[in-house]
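Here you get one chain, nothing else, as structure tokens; it is the form predicted alone.
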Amino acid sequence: MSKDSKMRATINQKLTEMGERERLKELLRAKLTECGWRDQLKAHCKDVIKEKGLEHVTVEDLVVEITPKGRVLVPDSVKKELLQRIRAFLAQHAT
């Protein structure tokens, strides 16, 4: 395991243990709903299903198709806020 991977695992463990991971997930859900991200992705899913036909689309196909667009559509302000909160949490709980 690389140093970067170990650090990510440690951060993730600390966020999970302290309950911060769940709070961040809830914040993310709220922010994405607020900015219309969910509606945009839902519309994209409908378009993909119309294009390929309901009988020809699996959940896996849909995930592969919408994931890249979903990542791109997350507003920078949401990404920055989450990153800022993670940094503040880590600064407060540094050992």
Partner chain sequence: MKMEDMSLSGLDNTKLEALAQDIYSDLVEDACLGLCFEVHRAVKQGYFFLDDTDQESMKDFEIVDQPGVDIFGQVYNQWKNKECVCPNCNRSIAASRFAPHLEKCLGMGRNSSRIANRRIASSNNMNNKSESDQEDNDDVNDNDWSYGSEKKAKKRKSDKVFLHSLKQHIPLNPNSPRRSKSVKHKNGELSNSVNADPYKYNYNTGINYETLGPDELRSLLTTQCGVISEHTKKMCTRSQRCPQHTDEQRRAVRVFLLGPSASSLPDADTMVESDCYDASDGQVLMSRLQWDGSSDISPSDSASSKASTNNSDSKKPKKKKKTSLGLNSTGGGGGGSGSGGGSSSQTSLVGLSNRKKKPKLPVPPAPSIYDNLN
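Treat the numbers as computed from the prediction; the structure is a model and nothing was measured. Residue numbers count along the first chain shown, from 1.
Just so you know, the form predicted in complex with the partner chain exists too; it's not on screen, but the next bit is about it.
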Inset, instruction - Report yes if any heavy atom of Arg38 sits within 4.5 Å of a heavy atom of the partner chain in the predicted bound form; otherwise report no. - result: yes
Legend entry - Contacts with the partner chain in the predicted bound form - residues in 69-94 whose heavy atoms fall within 4.5 Å: Gly70, Arg71, Val74, Lys79, Leu82, Leu83, Ile86, Arg87, Leu90, His93, Ala94
